[in-house]
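Take a look at this single chain, the form predicted alone, given in structure tokens.
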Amino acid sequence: MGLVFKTETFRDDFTFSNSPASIRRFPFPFDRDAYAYSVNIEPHTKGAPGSVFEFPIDVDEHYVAEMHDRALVLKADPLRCQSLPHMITAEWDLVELLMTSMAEAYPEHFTLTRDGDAWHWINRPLGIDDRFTFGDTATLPLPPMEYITRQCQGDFSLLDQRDNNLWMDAGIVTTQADWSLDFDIGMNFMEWHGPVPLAHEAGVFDRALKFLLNLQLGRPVRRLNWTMTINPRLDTSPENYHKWGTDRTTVTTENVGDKVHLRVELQALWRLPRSNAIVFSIRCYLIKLSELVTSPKWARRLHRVLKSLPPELIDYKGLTRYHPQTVEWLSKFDDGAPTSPGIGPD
């Protein structure tokens, strides 16, 4: 499929950028001109060719660079990857899900050969060629979840289901939007969503939990979530707030287009076969506003959405310091024309 992996950084000199093709496939999250809170869950089914929804696990031009950045985060802070002892079966479930999905979707880059429990995994972009026994942790160089998620874009948490609730009992989280696995591990669904404003009162999480407790094997679901980030920084964790928090004070009317990035998470959930746990994948996509406004529809719509945000959400998403400059900058691209239905560009 002609994937060319870029050499780029998400820290220090921030050389990250999107190619024109990557801009066109960006998962723009707004399907209307005003912001509205919703669960917005839909079946995680095959999408249009070339879109981020084409395959269950999306691999794109940023793959190698993102895996390098993940290794840097884990080297500095090993607690970004944690798993409680009872989650080992779910870890192996995740190995199977990710290896089979990546090998089926991108055979030129990944190969999985299985002979009973004897598995052979080849990852050509990262130069990995390993044979191991499925279910035997001693045959892998790392614990199963860490081994495979060091080779897959996006964060992953494994949710154990018990007591009519979901518990975040394992995960690897290095590209998060200001939340902490080390803080949330062992919490239940309502506890880790506790800080979100307005949604609890609207019953959003009650409905979402009821839905997810009945998630069926083989019928994954997905949703898009969003926030904004200054500079193309993947790791905006609470642990490193001292490194990125002050970035918010550097936005001016002149540099909005290059500094401010729309940060979209493609969140997908699968029921796992052996453990009955749920894997929650959170794939982060970044786009600077000067790239986003190359789509006139997206430029108009984002301006209107940001103008209509409730104050509570502006504060919760950390936009307070640069929200006025961003809305003013985007207003130059809003000619008042109607926007077409759907989230894709015109």
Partner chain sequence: MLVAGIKSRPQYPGLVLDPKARLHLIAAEGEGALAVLALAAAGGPDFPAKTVVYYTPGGSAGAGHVGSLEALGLDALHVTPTVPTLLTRLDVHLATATMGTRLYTAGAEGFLGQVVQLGERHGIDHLSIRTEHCGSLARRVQCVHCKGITENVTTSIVPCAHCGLSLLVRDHYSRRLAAFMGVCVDAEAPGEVPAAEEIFR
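Just so we're clear, the structure is a prediction, and the values are computed from it rather than from any experiment. Residue numbers count along the first chain shown, from 1.
Beyond the structure shown, there is the form predicted in complex with its partner chain, which is absent from this document and is the topic of what follows.
Residue stretch of 111 to 119, 251 to 259, 128 to 136, 78 to 86 approaching its partner chain in the predicted complex, non-hydrogen atom distance within 4.5 Å: It is the stretch 78 to 86.
Partner contact for P107 in the predicted complex: its partner chain, 4.5 angstroms, heavy atom: Because no heavy atom of P107 falls inside 4.5 Å of its partner chain in the predicted complex, the answer is no.
Non-hydrogen atom contact G203 with its partner chain in the predicted complex at 4.5 angstroms: Looking in the predicted complex, residue contacts with its partner chain do not include G203, since no heavy atom lies within 4.5 Å.
Can you work out whether G194 and its partner chain are in contact in the predicted complex, taking contact to mean some heavy atom pair no more than 4.5 Å apart? Answer yes; at least one heavy atom of G194 falls within 4.5 Å of its partner chain in the predicted complex.
Would D235 show up as a contact with its partner chain in the predicted complex if we use heavy atoms at 4.5 Å? No, D235 stays farther than 4.5 Å from its partner chain in the predicted complex.
Among the candidates A208, L266, L272, M187, the residue which, in the predicted complex, approaches its partner chain to within 4.5 Å (heavy atoms): Selected option: M187.
Considering non-hydrogen atoms and a 4.5 Å limit, which listed residue (E146, E96, D160, E239) is close to its partner chain in the predicted complex? By the 4.5 Å heavy-atom cutoff, the listed residue in contact is E239.
What residues of 292 to 326, in sequence order, lie within 4.5 Å of its partner chain in the predicted complex by heavy atom? Stretch hits: a single one, R321.
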